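Only one chain is given next, in structure tokens, and it is the form predicted on its own.
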């Protein structure tokens, strides 16, 4: 893939630069590698800890380090960083509102052939239930890099979902991500709201919908919590139809977030949620094939949008 960059390298390269200037940065990995971590470990061995496969203990260690004034980053496979450690995150980090950043690798179906235990498809639902938690979901290497700085600057718990793999950049380095979302395309007929790496699919879907004389806008919601509701609602002002697409369970993810915002603010907007069905993902296979199976690939989504438009 031309000009594609690994999300991990984009994030950790920027974190390395931050660590050069800020000696309070401590990095803990649960036996998860990354190319960019090699130089971090080499140059900051006293600020690099491999806790091995002991994620729950890792969270408690991170809490202790944070209480001593350190800026701690935890890195591991997404399901293990979130679901396995949920109680420790809630009690040890969030209850004391500590500035610990959790980095989960493998958003959505990133770990495709590794099967259901490796899929990150319900984490948004559980992590957004924690009152103190900020959730960031980068959609390209530029956002991944920028969120290293965002997390470092935060004084509260932060969770970052990293896509496992390479993609081209959509944004440029001068982009301001402080609003929590970006309007990439305007459209007269409907608006597609997406998050994470599914943004690339959303842009392809927009082009395909033109063949059906449908003009779709595209919004990338990369900060899933907290959301600047007044600003976000302003972006939805001219839209009467919204489609959310995500590589996450239909329960508690992006579609739920948008539904709550629309309902709580009594906006007269029709909403179509497209996501993984409320069922276990027991299939094994490459990511594109899995997307086809679960009807979240570009072709399947286009068909669902067309059918919804005809009602």
Partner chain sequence: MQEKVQMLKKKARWVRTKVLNTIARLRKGHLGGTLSCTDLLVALYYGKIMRFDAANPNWSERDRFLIGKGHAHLALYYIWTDLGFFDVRKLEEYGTDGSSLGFQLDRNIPGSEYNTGSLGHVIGIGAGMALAAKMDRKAYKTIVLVGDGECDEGSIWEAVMFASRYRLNNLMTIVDRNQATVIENRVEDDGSGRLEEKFKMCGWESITINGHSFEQILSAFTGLEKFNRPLAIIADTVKGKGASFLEQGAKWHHLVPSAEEFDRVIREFELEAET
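Positions refer to the first chain, counted from 1. Note that the coordinates shown come from a computational prediction; the quantities given were computed from them, not determined experimentally.
Another form, the form predicted together with the partner chain, is not on view; read the next lines as being about it.
- Every residue of the trio 68, 87 and 92 has some heavy atom no more than 4.5 Å from the partner chain in the predicted complex.
- Proximity to the partner chain in the predicted complex, taken as heavy atoms within 4.5 Å, picks out 54-62 from the listed stretches 268-276, 282-290, 54-62, 241-249.
- Scanning 98, 170, 214, 133 against the partner chain in the predicted complex with a 4.5 Å heavy atom cut-off leaves one residue, 98.
- None of 37, 32, 262, 49 but one reaches within 4.5 angstroms of the partner chain in the predicted complex through a heavy atom, and that residue is 49.
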